[in-house]
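Only one chain is included here, represented as structure tokens and corresponding to the form predicted alone.
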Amino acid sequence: MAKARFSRFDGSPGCAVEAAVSLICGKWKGVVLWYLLDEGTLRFSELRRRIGGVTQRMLTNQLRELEVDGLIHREVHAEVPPRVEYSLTALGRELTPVLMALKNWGDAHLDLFGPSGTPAEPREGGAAGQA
């Protein structure tokens, strides 16, 4: 089941950030958007292979939500077997600077994550140590 969508944004501080993040939040959405930005049009199976670790059901749900939100385009080709391709829409391409900023931040802070991609132990003087 798709997550509940915000029905209105009241203009309070942080509201625009909340609205933007609500479109790309989800375990795999950012990764899907990155691969489509980086590689252009991809088939479902190509996305699933590149991401790894995502179930077919979860990827399908994330792709549907991105499509409903207008960030990606789904093209179904009338072939046997059916061929479905995904690409970024103009709205999705507008996220390029955001995705690049996230990638650059992630590259600069890879030490925050353990070898399996899980959070590593907090560093001395990090945000957790400042509380």
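Quick caveat: nothing in here was measured; it's all calculated off a predicted structure. For every residue, the number given is its place in the sequence shown, counted from 1.
One more form of this protein should be noted, the form predicted in complex with the DNA, which is absent from this view; the next part is about it.
Every member of the trio Trp28, Arg57 and Arg64 reaches the DNA in the model of the complex with some non-hydrogen atom inside 4.5 Å.
Remark: Arg43 counts among the residues lining the DNA in the model of the complex, judged by a heavy atom distance of 4.5 Å or less. When contacts are judged by a 4.5 Å heavy atom cut-off, Pro82 counts as touching the DNA in the model of the complex.
Interface membership of Arg50, defined by any non-hydrogen atom within 4.5 Å of the DNA in the model of the complex, is ruled out. Contact check for Arg74: a non-hydrogen atom falls within 4.5 Å of the DNA in the model of the complex.
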